[in-house]
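Just the one chain here, laid out as structure tokens, in the form predicted on its own.
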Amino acid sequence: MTDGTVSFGDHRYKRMSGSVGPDVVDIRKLYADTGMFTYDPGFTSTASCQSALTYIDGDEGVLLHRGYTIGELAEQSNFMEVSYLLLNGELPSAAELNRFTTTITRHTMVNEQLAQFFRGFRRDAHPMAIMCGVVGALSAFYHDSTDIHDPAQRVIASHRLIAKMPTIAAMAYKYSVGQPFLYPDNSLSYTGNFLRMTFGVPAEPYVVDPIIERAMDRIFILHADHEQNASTSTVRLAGSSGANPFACIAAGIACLWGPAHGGANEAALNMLREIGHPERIPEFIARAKDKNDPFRLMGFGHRVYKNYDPRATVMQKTVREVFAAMKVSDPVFDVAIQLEELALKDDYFAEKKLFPNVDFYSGVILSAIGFPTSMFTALFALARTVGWVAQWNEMITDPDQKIGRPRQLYTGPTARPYVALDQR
């Protein structure tokens, strides 16, 4: 909505208010009026779109999906219900959830030729490299859902991506360890099916542990969407060109692969392993506070959250449940618990607002369940697919959406004459 104007020199621009959060200034006519662009590296002060999906208040530690707090969703809901909410705007009735879950379940198989596609990769290929290639290749197999102007095809593509991502991620893992692929089992839940396809073998039945299943489902919920982050912005930017949805999600996966985005939980786990034992924690805290030491406490602080990450609260509870269920005795877990306690009591971290984030515990949980660190970002991509798909659908139907075309502050040479090769 429009709420007054803001002056810039002799020109006035609309001030727009959302339902909650900071106002924005509509500067779409700034260049036409002034001959100037804004300069905002990283787009940290720029709203690139309007969205009704996810809201974050980093100062207060708030994360809402369609108005519902992440804590309530993680504790009381399940990933299929959250997926429906993100895609459709409201929580489903029992009948709507059943239809949606059945639809997703019926789309979990992938074209049989994709098995041959997998075998074109080296066995030691990173799972994210495989997922980038395979998800992009889906557009070559599902031509009936690539017309972005057809609402029915957009729905089918959305369902296919959400459904097939666990199958693709599980196949990437199986391929890396030399085990045969397992077909989906329609009698299992979305998350239970993924666990079976990942850790089951054809030679014996796989029994899904309900505690592990619930922990994974929570992890999926906590990573489902997170506003206009780098990978989501990548999906929207790719989509703004009219690219098909499979190509857009593949672009998001490629962006998520970056260690500054999707690899933080692996870095946090490696740090905990480096510390090794609780008695070494004071040494590493001192190093983190030393300006001359490059060491950083991974899993603390966040680009957006300047308070306790609300997802970390759920994750801390979940890691205790997983370790108790699996009867795991791991010094890494003890390090994580005591490091958090000591850091939260230290004025240095409080002043710099360095609180534990979701990555601090997620790597510990995934490792305990049995995932290698190379799979951590692939699991992130699996969960985030529903957010990417919901954001893509919202972008496609936004009448204000245009092809993305950021401007620049040019600092290179001005026009100069070409010098022939024999005169240089």
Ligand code: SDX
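Take the two forms, superpose them, and find the largest set of C-alpha atoms that agree within 1.5 Å; that set is the rigid core. None of these values were measured; they are calculated from a predicted model. Residue positions are given as counts along the sequence shown, with the first one as 1.
A second form of this protein, the form predicted in complex with the ligand, is not displayed here; the remarks below concern that form.
Student: Go ahead and superimpose the pocket C-alphas, place the ligand as found in the model of the complex, and count ligand atoms within 2.4 angstroms of backbone or C-beta atoms: 3 or more is blocked, zero is open.
Tutor: Here the answer is open - the superposed ligand has no atom within 2.4 Å of any backbone or C-beta atom.
Student: Answer yes if any heavy atom of R311 is within 4.5 Å of a heavy atom of the ligand in the model of the complex; otherwise answer no.
Tutor: Residue-level check for R311: yes, a contact with the ligand.
Student: Going by a heavy atom distance of 4.5 Å, is G262 a contact of the ligand in the model of the complex?
Tutor: Although the ligand is absent here, G262 would touch it in the model of the complex, with heavy atoms inside 4.5 Å.
Student: Going by a heavy atom distance of 4.5 Å, is F380 a contact of the ligand in the model of the complex?
Tutor: Contact with the ligand, yes.
Student: I'd like to know if H226 sits close to the ligand in the model of the complex, meaning any non-hydrogen atom pair within 4.5 angstroms.
Tutor: Heavy-atom contact with the ligand at 4.5 Å: present for H226.
Student: In the model of the complex, which of 129-137, 183-191, 287-295, 159-167 comes within 4.5 Å of the ligand (heavy atoms)?
Tutor: Going through the listed ranges, the match is 287-295.
Student: Taking heavy atoms and a 4.5 Å limit, what residues of 165-179 are near the ligand in the model of the complex?
Tutor: Going through 165-179 in order - heavy atoms within 4.5 Å of the ligand in the model of the complex - there are no hits.
Student: Please state whether L256 has a C-alpha shift of 2 Å or more between this form and the one not shown, with the rigid core used for the fit.
Tutor: Comparing the forms between this form and the one not shown, which are aligned on their rigid core, L256 does not shift its C-alpha by 2 Å or more.
Student: After superposition on the rigid core, does the Cα atom of F100 shift by at least 2 Å between this form and the one not shown?
Tutor: After core superposition, the C-alpha of F100 moves less than 2 Å between this form and the one not shown.
Student: Taking the rigid core as the superposition reference, indicate whether the CA of A350 shifts 2 angstroms or more between this form and the one not shown.
Tutor: Result for A350: yes, a 2 Å-plus shift.
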